[in-house]
Every structure is written in structure tokens, then in C-alpha cells.
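Okay, so we've got a single protein chain in two different forms coming up as C-alpha cells, structure 1 first and structure 2 after it.
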Structure 1
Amino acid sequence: MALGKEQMALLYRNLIRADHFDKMMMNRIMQGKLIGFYHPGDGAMAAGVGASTFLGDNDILNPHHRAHGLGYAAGRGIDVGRYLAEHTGKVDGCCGGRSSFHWSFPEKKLYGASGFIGWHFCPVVGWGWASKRKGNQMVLMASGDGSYGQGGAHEAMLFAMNWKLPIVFFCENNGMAIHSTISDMHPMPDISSLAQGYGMPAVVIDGQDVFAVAETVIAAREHALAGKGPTFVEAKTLRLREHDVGTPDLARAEPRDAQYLEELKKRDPVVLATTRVLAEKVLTQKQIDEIYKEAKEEVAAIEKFADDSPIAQPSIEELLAGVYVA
């Protein structure tokens, strides 16, 4: 299904926003103004934006650690001020400043990154089971290629196909897991080849093309909501930088090839999308300039909100009161 111009304009706007959010996080961790890690999404923000922008309000979304889910956050329309406040341990953080980067927006059914890579292959079965019973919602299960080494991934695919659960297994394959290359970790170049054993429909797409990603996920979502079961969508993407800021950028034990990385930059999704929206007259250069200006203003407001929020340091008694539902 071809996208309309309004849909394309919205995707473009979200891509530019997500790209600005990622750069904001990069800047802040370099300045020491972020708690913990940042796993940059530089050059790979299209997949999350394309996968999340046209989900329904009831759909369940669970981004992984790459860019700390900011592509998905941009598409979902969450309050990124509260997201940044969480990453800086502030009282206005989306989880009260407790979660470090294991953030979530439960009221939006948006469950963010975990250090246990592939943790969400476990609850995704129940999210799918519940969604099937409710009938008006589905699950977008986002992960990287590395997480498909987890046994839980196979259990989730088994259950999803057995029970025809409304789940899209959305794999951002950037070919790297910390220092390990995909050829070291998987016998086949396409992670989606795993779906074959479960009889699950699978498709490989260009994860740098935000429009192609959105078109594919819209179709997979309709398939799921029609009761036809899960789909595996493999979005081929790339990793321009190190796994997380401060870690050496190695392939196995050697530095990644600089010339190869320069080549990858030609595949920057912002460059690709800008070329297309201009060529197809979806947006004018003036409108694009306005989108950039608004994204910068949004980032400034996000940072001000998070920086103005007080540090969260509740008493032990207050913390104890939060462990159980009374």
C-alpha cells in the first residue's frame, strides 16, 4: 500500500525529530549530563520511526537498547521531556528516576530498553495472547539481530505461530552485537530465515528507508489484526558508531574499517528521506527548514524540562512503599 503525502510528511518529521533526540543524547553523554550508558542510533533512526508512527493507541510497543528506543518514542508521541528526566534521575522522569535507561511509559504501553537483551521475548507471548483476546490491538516486538541468539526468541516465535498471535517480530539487523559480527553469531545472513521453521511469513526490507519500513509494518499490522498471526519483518540497517559511547568500536578484536564506515554514511536515512520528499514534492525546502527549526526548539524544551526537574532522592521508607501494591 502506497503512503499518502500526509503520512510521508509525518514520517519525515518524526525522523528528523528522532535524529535530533539521538544527537541530544550523544551530546549529553559526552558532556557528562546523562546517567549510565548511551547506545547511539546515529544513521539508524529510520527503522524505529517507520515501525511505530502508525501503530494504534492500544498496540503494545517495546523498543530495545539501540538509541534507547528514541525512534520508537518519536513515533509513539511520548513526552520526551519525561524520558530525558528519567535518564537523568529526576523526579519528573517517566519512572520516577528509578529505572536508569530501563524506561517505560506504562500508560502508553511502551516498555523500553533492558540490559537483559531479548527479555521481552518472554512477555511478548502474553501481550500477544491478551491482544488476541481483546481483538483490537497488536504487538510490535522490536529487537536487534543479536537478541535472536536467545532461546526465548524461539519460544516466542513458536507460541506466536501456534496460537496465531497478533505480533510483528520487527528485527533491526545492523550486523553487529557489541564487537561481534553477524557472521560470527548466526549461520544465515538473514535473521528472518529463522521464521521459516515456524511457518511464519517473513520479509526483508531496507531499514534505512523510513517509508518502506512504515508501509511494511502497516501491512503486517493489518495481517495481525485480521487474525492471521505473526509476521517477521527484518529491517536491514547499520551501525555508524561504537556499541555504546566510550566503548572501542571493534569487529571481533580489531577496529572497524574506517573506509567502510564512511561508505555507510551514504546510507544515512535522513539523506535518503530528504532526497525523496523533495523529489516527490511531499515537502518544500522551506517546510523542511521549518521542521528542523521546530525539532531544535523541541530539544531545547526537553532539555530545559529535564534540567529544571529536581533530582529524585526519596527516603528509604518511600521507596519501600513502592515495591508492592498495597
Structure 2
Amino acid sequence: MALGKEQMALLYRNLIRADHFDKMMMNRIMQGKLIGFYHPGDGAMAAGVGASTFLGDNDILNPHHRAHGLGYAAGRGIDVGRYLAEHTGKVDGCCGGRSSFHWSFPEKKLYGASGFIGWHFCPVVGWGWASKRKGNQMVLMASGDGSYGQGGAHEAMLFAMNWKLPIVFFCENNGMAIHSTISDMHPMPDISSLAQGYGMPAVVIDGQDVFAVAETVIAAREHALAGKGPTFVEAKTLRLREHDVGTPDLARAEPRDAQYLEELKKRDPVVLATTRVLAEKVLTQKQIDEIYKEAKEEVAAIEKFADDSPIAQPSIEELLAGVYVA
């Protein structure tokens, strides 16, 4: 489906917000103001924004770990103040300051994250089954190319197709799994080729194009809600920096080529989206400047909220209350 100008303007706004959020997180971890890790999303925010902006309020979203899901948070309308407070170990964090980047917003139907690659495939089948029974809900499950080497990925795709579950398997393929290249990990260049073995509809798109991502996910969502089962969407995206801050940026055991990385920057999604919205007269330069101004103001408010929140010092009782079995 073709997007209208209002939809394109919203996607652009969310992309600029997400880009500012990512830069905020990078600044803070370099200043020692975050606990835990940060996996930068520089140059890769379009996929999450495009995939999440037009989901329904009732849909379940499992975000990708890149930029700790900030592209998805921007599209979903997550309270990023509480998100940042969580990353700084503060009382007002979404999980009381106890989780770092294993955050969750159950009221927004984001049910948490894990440090284990591919952990989410089996829960997603359960969410998909529950969504099918409800009949007015679907699941968008985002992950990277590296996670599709997990056995759970194949179990999930098999059950999803057998039971025609309303799931969109959304793969952000940046060609790197920490230090391993896509050619090391998979025999085929497209991860979506795995889905074809289960008879699942699959499409490969430009993950740097926020508008193309949104159009594709809207169609896949409609397919799911119509009872036609899952779709595999592979968004070809980029990783411009190291896997996580502090880890060497290697391909196998060698540093990634600096000239190659510089060339990739030409496909920064913000640059591509700005060129398009101006060319198609979706926005004027004055409106774009205002979007940037608002994003900077939003970041300032987010940081103030997180900085003003007290440091979390949970009691033993509070800690145990979040444990399923003790």
C-alpha cells in the first residue's frame, strides 16, 4: 500500500526522535551515566521505526536488541523517560531500576528482553496462539540475522505455519552477528530463504528505507489479522559501529574496513528519508527544523527526568517479588 503524506510525516518524525534517542544513549554511556551495556543503533534506526509505528494498540511487540529497541520505542509511543531511568538504575525506571536493558512495558504489550540470543522465538509462538484465540491481535517479533542460527527459530516458524498464527517474523539483517559475518553463519545471503522451507510468505526489503519498511509491515499485519498466518520480513540494514560499546569492531578476527564503513554512511536512513520528504513535498525545511528542535527538547526532558529520579535501592522483599520461583 502507498503511504499518505501524514503517515510519511509521522514516520519521519519518529525516525528523527529515534536517532536523537540513540545519540543520547551513546553520549551517556561514554560519560559513565548508564549501567550495563549499550548496543549502538547508528545508521540502523529505520527498521524499528517503520516496523512499529503503525501497529495496533492491542498488538504484541518484541523489539530487536539493537539500540536497545529505541526505534521500536519511538514508534510504539513508549515513555522514554522511564526507559532511560531504567538504564540508569533509578526508582522511576519501567522495572524499578533493576533490569538495565532487559526492560519491559507490559502496559504497551512489550513483555521484556533477555541477553540470550534467540530467547524470544518460543514465547512468541505462545503469544501468537493467544492472539489467534482473541482474533483481534497479532505479534511482531524482531530479531537479528544472528538469532536465526538458533533451533528455536525453526521450531517457531514450523508451529506458526502449522497453526496459521498471526506473527510477523521481522529480521533486521545487518550482515553481522557480533564478530561473525553473514557468509560465516548462513549458506544463503537472504535469511528469509529459511522461511520458504516452511511455506511461509517471505519478502526482502531495504531496511534503510523507513517508508518501505512501514508499507511492508502494514501489509504483513493485515495478512496476519485476516487469519492467513505468519509472514517473514527481512530488512537489509547496516551496522556502522561495534556490536556494543567497548567491544572491538571486528569481522572474524580483523578490524572492519574503515573505508567500507565510511561508504555505508551514505545510506544513513535519516539522510535518505530527509531527501525524500523534501523531494515529494511531504515536509518543508522549516518543518524539518522544527522536528529537530522538538526532538532535542524531548531528549533534554527525558534526561532531566532520569537524572532527577532517586537511585533504586530495592529491599529483599521487592527483589523477590519479581522472581517467579525462589
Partner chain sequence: MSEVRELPLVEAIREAYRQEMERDERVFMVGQDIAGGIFPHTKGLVEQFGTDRIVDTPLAEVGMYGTAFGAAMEGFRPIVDFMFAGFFLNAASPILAQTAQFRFIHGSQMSLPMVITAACGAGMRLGNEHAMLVHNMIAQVPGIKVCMPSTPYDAKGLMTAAIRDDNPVAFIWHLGTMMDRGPVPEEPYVVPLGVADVKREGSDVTLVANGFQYKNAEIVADKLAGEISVEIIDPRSFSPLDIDTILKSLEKTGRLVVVDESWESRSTASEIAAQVVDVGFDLLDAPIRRVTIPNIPLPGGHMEPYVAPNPDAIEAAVRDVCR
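It should be emphasised that the depicted structure is a prediction, and the values quoted were computed from it without experimental measurement. Under this definition, the rigid core comprises the largest set of C-alpha atoms superposing within 1.5 Å between the forms. FYI, numbering is relative to structure 1, first residue = 1.
Structure 2 derives from the form predicted on its own, whereas structure 1 comes from the other one. Taking the core as reference, the C-alpha deviation of E318 between the two structures is 3.1 Å.
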